[in-house]
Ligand code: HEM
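One chain comes next, on its own, written as structure tokens: the form predicted on its own.
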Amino acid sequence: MSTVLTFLLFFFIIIIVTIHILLRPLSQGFIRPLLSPLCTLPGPKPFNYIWGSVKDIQSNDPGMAHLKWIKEFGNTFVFKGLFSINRLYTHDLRAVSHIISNPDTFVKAEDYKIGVSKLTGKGLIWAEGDLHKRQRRAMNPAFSTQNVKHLSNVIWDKALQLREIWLSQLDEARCATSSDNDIDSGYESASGPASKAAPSPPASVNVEGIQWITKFSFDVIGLAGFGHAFNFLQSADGEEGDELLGALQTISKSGEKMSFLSTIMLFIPIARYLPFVPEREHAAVNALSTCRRVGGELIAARKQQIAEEGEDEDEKRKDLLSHLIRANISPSVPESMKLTDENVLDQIPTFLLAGHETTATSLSWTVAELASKPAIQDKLRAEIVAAFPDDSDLEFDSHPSYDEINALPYLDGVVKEALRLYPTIQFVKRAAAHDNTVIPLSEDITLRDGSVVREVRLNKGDNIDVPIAGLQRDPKLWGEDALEFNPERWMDGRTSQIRLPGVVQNLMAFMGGAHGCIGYKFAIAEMKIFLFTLIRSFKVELERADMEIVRSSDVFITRPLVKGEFEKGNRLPLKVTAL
């Protein structure tokens, strides 16, 4: 039976792809893209009609295929995406700034919005226009510097909780080592009593870095975002835990890598009516339904709590959900600017997943770099210890302030360098909202017919890849060591002339403009506090000296993999030693 179903599925796919090719003028159009002004731009020859140039992109590290094409075709060119859809790509900073500064002209691509809505609903990442403005306005107070300072206490509590867990594991390892030494040294031979045992080396334990970083980030965003305690750090592996957490993990895994059928359903509208639903997508739909049900219960309970609480500013809840609900019931907010309960509900999976993925992925790569580069780790630790020499200051009720953490220049450099070299999202996809859309350029480009222009024209629906990984790894911007992890570049003035148009100066990792990441201050604070706590207390190494950590480029979010052990999935095996 399974063979018959497989054959039928393959047969349906062939039929649908064929229909799409034949009837493409009725969908995105076969003739229309051929008449697009983008066809006049230079660019690489596609692999074939279905895959376009995607195979070249997937066979290289993120952004590297594009850098190769830039050498051949210049800063601005067009390549073919799936089903040979035109995709504009440019490293011209004037063009990039123009695109992200005009969100009503360059809108989120339709396939991107469909994919996001399936994973998180219609929250801030999905929204555009007036809805996006209303959602963002309601959320701004939650991500103000003052509120992030307050919420940083949540980050500290979870970072210190993780430290205590690892110290407990190290104590167990130390006790086991001491017990073994006692047995070995206590044996008395015929020639006389045993000699005194040599001092034991510092105890070490092996931990799975991604697993613990994920637990930490989920716990933090649960409390800071919605006042919801997952207590994931305290749960045992494989233990049945929080229902909302389980649903979020399912959604997160479903977005790791899309099946071929899911890809077809994303790009070809008629394919969405197929009677077959990919297993991961089916699980994601059920998980999102669970998120919405539990989220609705959270919203109802929080409304009641807020109604019962007084107006004392110091006593108000500071999490995102509480800010959203207070904005909705405030008489000072016009009705036209308030969110519906449905809008508020959409923010729960949006921010739990977006807030978790960004930080967990960025932290995983940062720790991987520090574990493989002891000199950088030692220099970071020296800065931390010099600024805060008394380890007793690092307690649940006593720790450095938000401003003190941000005053550490090398820590700032380490975080920015990790965000530069390993952005969570490799690119952002946009589409022209109107025919005859013009993008200005800072330098001339030569078209296929030999003519020279200083602008690019697009038809409605033409796709644009706003580069993140490519721009942040471009040797023309960052120098010959662009692919090296070097925090010093953020301290010696080298980055001051780059001018990338992001919400963080010279970083595109959080994008920019009206759709720039609203939670970037919180994400950076979370990374810094985690690293401060980890490096202050432990020496971190890769589990084996010969271990190489690499990443795959055939997924949207790139997490660490152990070279030669891809079948084991995303991993970051660490050896942790107490200091």
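In this text, residue numbers run from 1 along the sequence as written. In this text, all values refer to a predicted model and were calculated from it rather than measured experimentally.
What comes next is about the form predicted together with the named molecule, which does not appear here.
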Subject >> Interface stretch in the predicted bound form with the named molecule - options 74-82, 328-336, 505-513, 379-387, non-hydrogen atom within 4.5 Å >> reply: 505-513
**OP:** Sort through Gly355, Pro501, Pro349, Gly413 and report the residue having a heavy atom within 4.5 Å of the named molecule in the predicted bound form.
**Re:** Gly355
**OP:** Note which of Ala95, Ala469, Val344, Leu419 lies within 4.5 Å of the named molecule in the predicted bound form, where distance is taken over heavy atoms; exactly one does.
**Re:** Leu419
Original post:
Every residue in Lys108, Leu124 and Ala523 with a non-hydrogen atom within 4.5 Å of the named molecule in the predicted bound form?
Top reply: yes
Subject >> Contact test in the predicted bound form: Arg136 vs the named molecule, heavy atoms, 4.5 Å >> reply: yes
Original post:
Hey, in the predicted bound form, is Lys303 touching the named molecule, heavy atoms inside 4.5 Å?
Top reply: no
Original post:
Does Thr424 make contact with the named molecule in the predicted bound form, using a 4.5 Å heavy atom cut-off?
Top reply: yes
Original post:
Is the gap between Cys517 and the named molecule in the predicted bound form 4.5 Å or less for some heavy atom pair?
Top reply: yes
Original post:
Hey, which residues along 426-458 are within 4.5 angstroms of the named molecule in the predicted bound form, non-hydrogen atoms only?
Top reply: Val428, Arg430
